[in-house]
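A single chain comes next, written as structure tokens; it is the form predicted alone.
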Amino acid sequence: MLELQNVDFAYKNQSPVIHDISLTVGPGEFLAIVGRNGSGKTTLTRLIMSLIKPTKGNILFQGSIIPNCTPAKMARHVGYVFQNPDRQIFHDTVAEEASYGPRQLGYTPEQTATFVNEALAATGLSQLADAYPLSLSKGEKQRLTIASALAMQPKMLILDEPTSGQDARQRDQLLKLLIKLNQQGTTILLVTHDMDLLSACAQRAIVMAKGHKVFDGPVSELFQDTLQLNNWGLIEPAALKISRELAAFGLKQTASINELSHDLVNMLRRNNYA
């Protein structure tokens, strides 16, 4: 679906910020890109969206070379959700906001209405269709930007730090939404510092460090080397810390909060505490 071939990128008259990146993303994957601030995560997603062009190498989406595509053309295939939803919201109602993209892509009014209704239903915003977007909570605004992207019928969804500034309930709602969208076939590329979110939903992780790809593999393998995690500026998930502390009681180490909860319940039952 998406392929980067030995990609470099440098801003004008500056040193490269992306160095020789090669990777492939298949249809239906749930992939997370992580790393310190300034490691090149967001630059990588901007290259994918054709908002900036590589100084070396090729980027292909379904066989087409992305640098030859305009951002508007890429928006037909890839939805991009910014970290701050207020940067994307400028219409007077939720429904109008979600319909802007499909209209710009040339869909008929009937198609636009169908796509918007489906997107609002998928994100749990149908009852807020007539609401003023800037009056929504941070979590609702984030879901609106996702709905606006989904209304354009993308094959891939890129989200940049989607849980920033959200409380636990809003984060949980977003997590369930992303998992549901992925199960329905949407390829998701998640840029995040939230290791608990990553371990709960992503299947694969890419770690960026100083513009280089230093890890690309299953999420379960990412957390096996605590020292390397620290070197990359990553914090291990809370579930992993807890399970490690309780290893003496027979708990296996896991980065998944669901697996930890399951194992804790079984441990308590074995010891007649539940």
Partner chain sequence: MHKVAPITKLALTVFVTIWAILLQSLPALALLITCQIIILMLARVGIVIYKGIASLFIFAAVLAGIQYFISNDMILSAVTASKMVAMTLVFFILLTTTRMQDLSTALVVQCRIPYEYAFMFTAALRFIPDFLAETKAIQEAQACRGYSPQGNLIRRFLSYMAIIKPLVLKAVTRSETMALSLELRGFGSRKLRSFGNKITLNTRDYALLISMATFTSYLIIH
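Fair warning: this is a prediction, and the values are worked out from it, not measured in the lab. Numbering follows the first chain given and starts at 1.
This next part talks about the form predicted together with the partner chain, which is not shown.
Distance criterion of 4.5 Å from any heavy atom to the partner chain in the model of the complex singles out 49 from the list 49, 209, 240, 219. Comment: the partner chain is not present in this chain, but in the model of the complex one of 128, 152, 181, 174 has a heavy atom within 4.5 Å of it, namely 152. Of the heavy atoms in residue 101, some are within 4.5 Å of the partner chain in the model of the complex. Contact between residue 118 and the partner chain in the model of the complex is not found at the 4.5 Å heavy atom cutoff. Among residues of the shown chain, residue 72 is one whose heavy atoms approach the partner chain to within 4.5 Å in the model of the complex.
Contact annotation for residue 187: none of its heavy atoms lies within 4.5 Å of the partner chain in the model of the complex.
Stretch-level contact check against the partner chain in the model of the complex with heavy atoms at 4.5 Å: of 188 to 196, 120 to 128, 87 to 95, 164 to 172, the positive one is 87 to 95.
No member of the trio 30, 43 and 157 reaches the partner chain in the model of the complex with any non-hydrogen atom inside 4.5 Å. In the model of the complex, the partner chain lies within 4.5 angstroms of a heavy atom of only one residue of 123 to 137, namely 134.
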